[in-house]
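Read the single chain below, which is given as structure tokens and is the form predicted alone.
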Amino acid sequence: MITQFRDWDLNRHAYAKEWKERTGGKVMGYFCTYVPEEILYAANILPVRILGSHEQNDVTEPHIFGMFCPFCRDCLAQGLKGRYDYLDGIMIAQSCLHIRQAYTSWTKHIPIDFQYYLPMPNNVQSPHATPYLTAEYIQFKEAVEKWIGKEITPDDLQRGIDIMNENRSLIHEIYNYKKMDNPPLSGEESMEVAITQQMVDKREHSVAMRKLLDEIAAGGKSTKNTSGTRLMILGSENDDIPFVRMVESVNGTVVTDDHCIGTRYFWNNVEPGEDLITSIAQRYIDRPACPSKDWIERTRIPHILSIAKEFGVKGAIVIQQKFCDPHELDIPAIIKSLNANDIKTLFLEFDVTVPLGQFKIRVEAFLEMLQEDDLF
């Protein structure tokens, strides 16, 4: 059922190049999911998230500290190796220090037509956050208009909002099926859908999701076992398909997540308001927070507990990219809260490549513990 999504994932760069040739449009690479894609779609620009390849690299050491997280180094390596040579522009919405350095190094060492650093308030709970971000979005919109040589009209903005809202709503429908006792999709398959959401034209992606939903409604089911112990994955960025495949090969079923490849990316829609730019800004202020922005009140913990309950989670695999400071500070409180709510946790630290053999032993032991608990 997910052949199209898997093909897009495996051939992401070929897709973007073909899209450019077919449409004549520009492609914008972006770091961090706080980038307002609505404005890019309003300008007929394809947003493509910069992701790594999970390959060891030897090209980033002159450009970025070795003690920065492996994800940001892997992303930079893709640029230095020319994997994203089709990009017309690159941008970031202010995020953690590590991914900001990957962006800065990219702009210094890889020639590109357009680059933009978009300030994003870290204190999203401040009453000043939305007006501040609205003003930044206005400046960003003007910069994009100058770049493409065309005004972005209110109708264009509404189109961009509609494209994004439809795509987010459809993936929510897919995730809702994962609340079933035996979901029609495995965690690996739903991750394929979620990853490609961040690199494929969302109009095409939405068509594919509607087709997938029709197949599920008609009784279509995964060929994989989806009756294993119900798990949640949360923490640092994780787009590691082989890891999820391994977890599900030992009788785990990943039914939901809280990370920026998955639910944190698509959780909420833009709510209509009088001013469209303000409405877009409000959406990004209100979305489930990254740990670097989750203060003064800690909102992530009740959100995670709510998702875990909604999806009937029995255990949680908590992932930290090595050296990831925001999640390293965040994880102890999350583990404590999950354990206090009878959701056992397994903590794993990821590098560029995941040691599947060692992790498999730990995941198997974790699942055995959860299964023994169910017996008593």
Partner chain sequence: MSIPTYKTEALKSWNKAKEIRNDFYKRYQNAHENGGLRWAGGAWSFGAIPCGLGRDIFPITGEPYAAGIAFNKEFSLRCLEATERKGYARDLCAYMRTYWGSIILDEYLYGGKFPKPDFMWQDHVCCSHSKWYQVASELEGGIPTYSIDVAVGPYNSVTESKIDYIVAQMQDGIEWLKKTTGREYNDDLLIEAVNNECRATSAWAEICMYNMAKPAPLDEKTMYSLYVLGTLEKHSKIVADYYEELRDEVKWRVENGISATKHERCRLISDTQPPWGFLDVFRYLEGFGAVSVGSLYTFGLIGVWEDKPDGTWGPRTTPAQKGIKIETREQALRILADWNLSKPEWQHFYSPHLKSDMMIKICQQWQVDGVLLHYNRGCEGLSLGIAENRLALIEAGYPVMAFEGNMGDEREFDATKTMSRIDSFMETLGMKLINQ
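Residue numbers count along the first chain shown, from 1. Computed from a predicted model, the values in this text were never measured in an experiment.
Quick note: we don't show the form predicted in complex with the partner chain, though the next part is all about it.
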query	finding
Residue stretch of 39-47, 26-34, 304-312, 63-71 approaching the partner chain in the predicted bound form, non-hydrogen atom distance within 4.5 Å	63-71
Any non-hydrogen atom of residue 224 within 4.5 angstroms of the partner chain in the predicted bound form	no
Partner contact for residue 97 in the predicted bound form: the partner chain, 4.5 angstroms, heavy atom	yes
Proximity of residue 123 to the partner chain in the predicted bound form, heavy atoms at 4.5 Å	yes
Contact of residue 110 with the partner chain in the predicted bound form (heavy atom, 4.5 Å)	no
One residue of 272, 154, 220, 119 in contact with the partner chain, assessed in the predicted bound form (non-hydrogen atom, 4.5 angstroms)	119
Answer option from 214, 142, 181, 297, heavy atom within 4.5 Å of the partner chain in the predicted bound form	297
4.5 Å heavy atom contact with the partner chain in the predicted bound form for all of 164, 236 and 239	no
Those residues of 290-329 which, in the predicted bound form, come within 4.5 Å of the partner chain by heavy atom	291, 292, 294, 295, 296, 297, 298, 323, 325, 326, 328, 329
